[in-house]
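We begin with a single chain expressed as structure tokens, specifically the form predicted on its own.
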């Protein structure tokens, strides 16, 4: 083949490639730098469908944001992927999905589970396969308490403070400014709800009454009758936001005019879609989280620009949890055993700027419980509960 024939052939090949690309044919070859990028997998576990889905969606978006920044910074070196594990916030569902996640050897760590009950149900599978967990929101004390079996050890870690802190803080916030408070507490019989009441009492709470109801309750008339019999002027619910919306609506419809309050299970923008602004006006909430907008308006703006939505509840903690795993990946960690060792040794900073590390049981050192109030159809941050 002479030079002229060779050049003609090359031009024909180039034209064919352009036509193929226009037709959608996969003839393009990735640049060598991208081809060399190491694919690493982490996961998020929480409620992505069902009544509690907003919590999971908000947290997953936090994880996605952290991974998006990491992949952009490490383009050509690492490509981190996220497996989504939907447990619907339920221990029953968690026990169904956890075995599959545990057996997926590509997953080096899980951000989550989001809820305490789902965490407890998942732990046997994750402990058996040495799969590291960092939860952005599971607060039940028993998971990391040596006196209660330390059931999360050695794989479980969490970003927020526990219900040992939240229980007393919730009572303090709910009764703030109330003359002669008569407090009625309602739990949803979940590990989270029952535990939160327990630590509220250990913190010195004085209760005028208490009720414990199944987590699928829709008719609250019996409980409301007990609230009225106790002459309560403060009602605290320690379940989750979907039920809280129904309870609060029925309480207001019954003529109850006192304070309504809830823990971080109620702290979700999802509740704003389930009850009217007039019903929810003044509801007081606690949570071991800080909204991104309170940390930095610039950070919130960047989140919205990259994710297409505003950040939600526990976004900051989800970003922190993901960043710990990503920090370990950047150091070359590529096995679960190495990841677990790296997480336990981690010392760094939260996106709030505070020091972040874990004690030997998986809890973070320090931390505060923050207060929130629903005003004008929005959840407003009111600062640390002191």
Partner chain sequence: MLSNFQDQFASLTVGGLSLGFIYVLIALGYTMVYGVLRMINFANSEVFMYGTFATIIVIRDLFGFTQQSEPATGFRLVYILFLCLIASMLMSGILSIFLELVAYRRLRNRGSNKLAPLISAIGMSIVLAEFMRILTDSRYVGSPRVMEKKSLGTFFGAELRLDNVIIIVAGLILFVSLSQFVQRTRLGKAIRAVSMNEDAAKLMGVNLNFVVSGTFLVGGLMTGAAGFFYVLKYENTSFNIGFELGIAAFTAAILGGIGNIKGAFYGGIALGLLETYASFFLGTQWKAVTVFIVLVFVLYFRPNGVFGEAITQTRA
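Computed from a predicted model, the values in this text were never measured in an experiment. Residue numbers count along the first chain shown, from 1.
Only in words, not in the display: the form predicted in complex with its partner chain, which the text now covers.
- Taking non-hydrogen atoms only, residue 242 approaches its partner chain to within 4.5 angstroms in the model of the complex.
- Using a 4.5 angstroms threshold between heavy atoms, residue 226 counts as touching its partner chain in the model of the complex.
- The closest non-hydrogen atom of residue 49 lies within 4.5 Å of its partner chain in the model of the complex.
- Contact between residue 204 and its partner chain in the model of the complex is not found at the 4.5 Å heavy atom cutoff.
- You can rule out all but one of 269-277, 291-299, 159-167, 311-319: in the model of the complex, only 269-277 has residues with a heavy atom within 4.5 Å of its partner chain.
- Proximity to its partner chain in the model of the complex, taken as a non-hydrogen atom within 4.5 angstroms, holds for one residue of 213, 82, 259, 123, which is 213.
- Contact check at 4.5 Å (heavy atoms) against its partner chain in the model of the complex: all three of 57, 189 and 221 pass.
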